[in-house]
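Only one chain is included here, represented as structure tokens and corresponding to the form predicted on its own.
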């Protein structure tokens, strides 16, 4: 397995009382280390949810871990994987894009049955095969909103996937789920995201503001916020 040394950022994120803002595209990765990917994170389930920016943030997180030498398993339920974004982030950190892409193993699911099968039947063996510790699920719930699938079947599949994710989270695996708010979903399915967040070790909201894209985490102790300015976000 190829190892890519992570390059130091020339202008690190400035933080104050848990809050931070980034000033250039390469700093987005540093912001993710401050928020969703801290330096020594406990293994478990992290949920990024809210604005559709979660998909791009999830891919940024995959690039960050790949540049740190980690093997990343990337499951694309929303069918969103942008190799050009990978290339831009790699070059911003003076790393060859091809070397980063070698560290990220992508599997796509176009139906809810395919997504659940990837999580329940394929993921554990892939983790063992690649000695991976990081899993990024981009849009794990989106295929469950398919109106062609009955509500009862969608609920059964969701419970099956949730149990599998909980089991993996207990096996010293870092799982990052990026899921946007459901635009079209039955009342019975709109609660899937809330349930997933309730079972997560950390739940982070992603919001679009006039200033840019904001990550917000509220826990029992305090709240934290990180912001990607719009000028930077538009350059990603």
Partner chain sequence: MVVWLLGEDGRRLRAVDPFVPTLYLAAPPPLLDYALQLLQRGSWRISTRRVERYELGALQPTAVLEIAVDAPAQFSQIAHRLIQACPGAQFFHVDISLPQRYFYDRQLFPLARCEAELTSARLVRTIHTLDSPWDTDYVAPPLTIMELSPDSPSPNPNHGGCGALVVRIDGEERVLEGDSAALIHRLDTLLTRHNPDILLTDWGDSFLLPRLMAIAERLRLPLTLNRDEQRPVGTKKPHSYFSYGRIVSHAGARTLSGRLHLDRHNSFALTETGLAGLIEQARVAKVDLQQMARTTTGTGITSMQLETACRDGLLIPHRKQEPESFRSALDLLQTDQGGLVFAPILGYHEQVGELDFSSMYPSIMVRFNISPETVNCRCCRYDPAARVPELSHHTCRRREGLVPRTLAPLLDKRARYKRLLAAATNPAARTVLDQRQTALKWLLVVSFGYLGYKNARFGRIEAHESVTAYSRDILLQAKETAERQGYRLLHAIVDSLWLQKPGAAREDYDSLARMITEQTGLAINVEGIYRWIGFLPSRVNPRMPVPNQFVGLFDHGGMKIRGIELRRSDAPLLVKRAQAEMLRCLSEARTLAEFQERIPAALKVIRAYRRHLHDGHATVEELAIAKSLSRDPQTYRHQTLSMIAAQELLARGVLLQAGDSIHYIITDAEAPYPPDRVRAVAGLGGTWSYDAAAYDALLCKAALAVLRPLGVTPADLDV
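In this text the structure is predicted, and so the values were computed from the model without any measurement. Positions refer to the first chain, counted from 1.
The same protein has a further form, the form predicted together with the partner chain, not shown here; the description that follows concerns it.
- Remark: of stretches 170-178, 42-50, 187-195, 66-74, the one touching the partner chain in the model of the complex is 66-74 (heavy atom within 4.5 Å).
- Using a 4.5 angstroms heavy atom cutoff to the partner chain in the model of the complex, all of 106, 118 and 148 count as contacting.
- For the options 78, 144, 89, 123, the one in contact with the partner chain in the model of the complex, meaning a heavy atom within 4.5 Å, is 123.
- Out of the listed residues 95, 155, 164, 101, 101 is the one that sits within 4.5 Å of the partner chain in the model of the complex by at least one heavy atom.
- Residues of 80-96 that come within 4.5 Å of the partner chain in the model of the complex, judged by any heavy atom, are 81, 83, 84 in sequence order.
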